[in-house]
Each structure stands twice: as structure tokens, then as C-alpha cells.
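The data below hold one chain only, encoded as C-alpha cells and taken in the form predicted on its own.
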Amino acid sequence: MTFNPLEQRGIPLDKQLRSWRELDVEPVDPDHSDPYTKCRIITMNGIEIEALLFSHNFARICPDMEVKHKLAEIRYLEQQQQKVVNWLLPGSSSPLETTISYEQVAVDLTAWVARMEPDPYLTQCYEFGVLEDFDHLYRYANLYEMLQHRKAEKIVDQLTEVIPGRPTRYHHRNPIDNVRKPYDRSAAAPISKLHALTILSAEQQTMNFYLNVGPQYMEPIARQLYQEIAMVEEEHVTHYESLLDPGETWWERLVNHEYNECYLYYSFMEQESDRKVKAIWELHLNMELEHLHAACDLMRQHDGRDPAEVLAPELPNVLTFEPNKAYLRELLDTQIDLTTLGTGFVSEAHERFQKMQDAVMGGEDPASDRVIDEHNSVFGTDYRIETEGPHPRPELRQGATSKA
């Protein structure tokens, strides 16, 4: 059955305001909930925060008081949505346990998007990024066993493998080589626009989470690892935000944001296994339908265009959290040695890349290498989860041999 949010009505805006009691939702059980339920929660928190930041930035450059009033009204309602979504995460989980869930999101969300993306260049951009998120999961899993003496298997539940990806030491590139070519708003498929906005939102929230959580640790190796990977997340945000066409008007971006929220709440409602969480996805979908209609009205009034010109006539196939093990192993076999040069991808280190490496490393091993060395010294080996049989480490051609 098709679902066209442009033809559906939801809860009127003046009926969406919730009391503190309604916002005080029960968190999921960290020991018994579906790992992908936590992934959906983390994803929607990032989506809501991106919508809020976009609305604030739009308001700052908008001179029309009526528009600013409407943005403020919807933004307050979406702030309530964000609080409900993020507060579904259990307070009993440590920041490091939540970090591992964040990286599971990055791996399986980005891998699914790469598999479904119709534009070959955009697919390559997602494939490049996911091998780096894959390695971050591996580094944090080793840190987790060192600090908390628990295994990441309990968190990811073998849905996602924990093995080395493209080594994190090779993620530090010259900033200009993190800027990609944008899609063409007049030619890109609507799903491509949703994919780019979704992955950007998820990576942006990951960056923000790490830069706030990292300094709360006392252990030097933890502080240093969070700092290193948080800098890589800055590169990833640059990588993904540059995919958006800068020629899109603010009104076009507004309806894309609201449409994407409808798409994702609908997707997660369709697959959610937790009854209480599913009810929240359904409630928020019915709220977002009216947010979308309000955005469409603003676009018609101020941009002089029908939103149907830029939005899909019906929601695409639901975005799905599912294992991507075989796909990721194929990428490990074929793309692990890639880096970037300008807006493209190359298999060999180049002068600009090497200069950045030398400057960032300062003649020392990065925390991402040392966390594996320290784990080896304590446990005699690194920590990894391989469910498809041992994976041989592909040879790297970036001027150094991986220590992982």
C-alpha cells in the first residue's frame, strides 16, 4: 500500500502540545531490547536535532515575522518530539555503551543507504564513509572491554560484525579533500535527497555526542580516542553536507526536512518490535504530517512553487535496519585502501594526504592504534566479533602497514 504524506492529514498543530507527564516516557530495557530499536531511537534523535538546527538557522536569516512565528511554533513541538525520542535511551547504559550503539547506527544505516542509493557517485560516497564507521565500532569495542570488562557482543547482538575496517589513522585527510560534489536538485531522485539528509543528520549527531562525552572520561586512552574519532566525525559531516545542492531554496530545504521526518517515522513504525516505541513512532508521524503541510503552505506562499515539484509522490520503500555483513565484507575486500583527492577517490596516498598525516600524527601513534595495543597487552589479542568466518586483512597501500 502506498503512502503519500502530501495527501494525509495528522494531528492539528494546536492539539500537539504535550505536558511534562506525557514527555516523561519509559526508556527501553538496555539488556533485553532489540539493538535495532536503540538504533532507530538514535537515528530519530539525530533527525530531530537536524530539523531543529535547520529551523533556528532559517529563522536567523528570515525577515518575515509571520514565518518566524510559524517556525517557532513547529520548532517547539519538534523540541518536544526530540526530548521524547532521546529520553527513550536508558540512563543505566554507560556513555561508552551508547557510543557502540551510535556506531552500529552508522554502520548499518549507511550500508543500507549505500545499497539502495540509485546515484553511483553518491553510493561511492556512502561506501567510503561506512568503512570508517566500521573501524570506529571496532576501536570502541576494544576500549569497552578494557574499561568496563564487558563485550560489545551484548550490545550489537551479532547483528553487526566487529572487525577492523579502514584503519582510523588513515581517516585524517586535508580538509579540502573532504568536500564532495553535490547532487543536482533538478535531476536527483527524491530518495537521493532523503538519503543525503538522513546520513548527514546521523553523522552530525554522532559528532556532537562525541565532542560532549569525550572529556567526561578520566582514562587518558578514552579521552584521546574520543577526541580522535570526533575529529573524523567532523570530516564526515563535511563529506555528507557537501552532497546537498546549495541551489536549493530555504523553502525547498524546509519541506525536504519535514518530508524526511515523515518518511523515517513511517519506516520505523512499520518495523518496530517494541510496542511502546512503535506507538511513539506512530504518534510522531501524525504530528509530522501537519508539520509537512505547514511547510508546504509556506513554500507555496513564499517560493511560488508547488512542493509536489520537489517531493516524491509517495513514500519510498521503508528504510530498514538489518544486517549488512556480506556487503561490508565485500567493501573491505575492494575499497579498504581508498582515500580522497578533491571530490574523487583514489587508491594511493598522495602528497596532500601524506602532509596531513605527518602533521596530525606528530611522529606518534594515534589513540586508535594504541587502544588496540593496550587491549593486546591486557588480553593477549584484540576484541572482535566475526560471524561469517575469519576475514583476512586486505593489504593496504597508503604508505604504512596497519597495526590492527
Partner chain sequence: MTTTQAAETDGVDAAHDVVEFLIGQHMQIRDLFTEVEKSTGKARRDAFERLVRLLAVHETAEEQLIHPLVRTGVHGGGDIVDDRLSEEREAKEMLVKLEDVGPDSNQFPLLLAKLRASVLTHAHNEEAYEFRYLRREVAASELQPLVSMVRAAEAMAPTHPHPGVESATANTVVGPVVSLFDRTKDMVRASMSTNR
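Note that the structure is predicted; figures quoted are calculated from it, not measured. Numbering follows the first chain given and starts at 1.
Here the subject shifts to the form predicted in complex with the partner chain, a form of this protein not shown in this document.
Put simply, of 97, 119, 73, 248 only one has a heavy atom within 4.5 Å of the partner chain in the model of the complex, and it is 97.
Exactly one listed residue, out of 59, 53, 361, 378, brings a non-hydrogen atom to within 4.5 Å of the partner chain in the model of the complex: 378. Screening 273 to 281, 139 to 147, 302 to 310, 193 to 201 for residues having heavy atoms within 4.5 Å of the partner chain in the model of the complex returns a single hit, 139 to 147. Though the partner is left out of this view, residue 30 does reach within 4.5 Å of the partner chain in the model of the complex, counting heavy atoms only. Although the partner is absent here, residue 181 sits far enough away that none of its heavy atoms falls within 4.5 Å of the partner chain in the model of the complex.
Contact annotation: residue 154 falls within 4.5 Å of the partner chain in the model of the complex, judged by heavy atom distances. Contact annotation for residue 386: at least one heavy atom lies within 4.5 Å of the partner chain in the model of the complex.
Although the partner chain is omitted here, in the model of the complex all of 92, 216 and 219 have a heavy atom within 4.5 Å of it.
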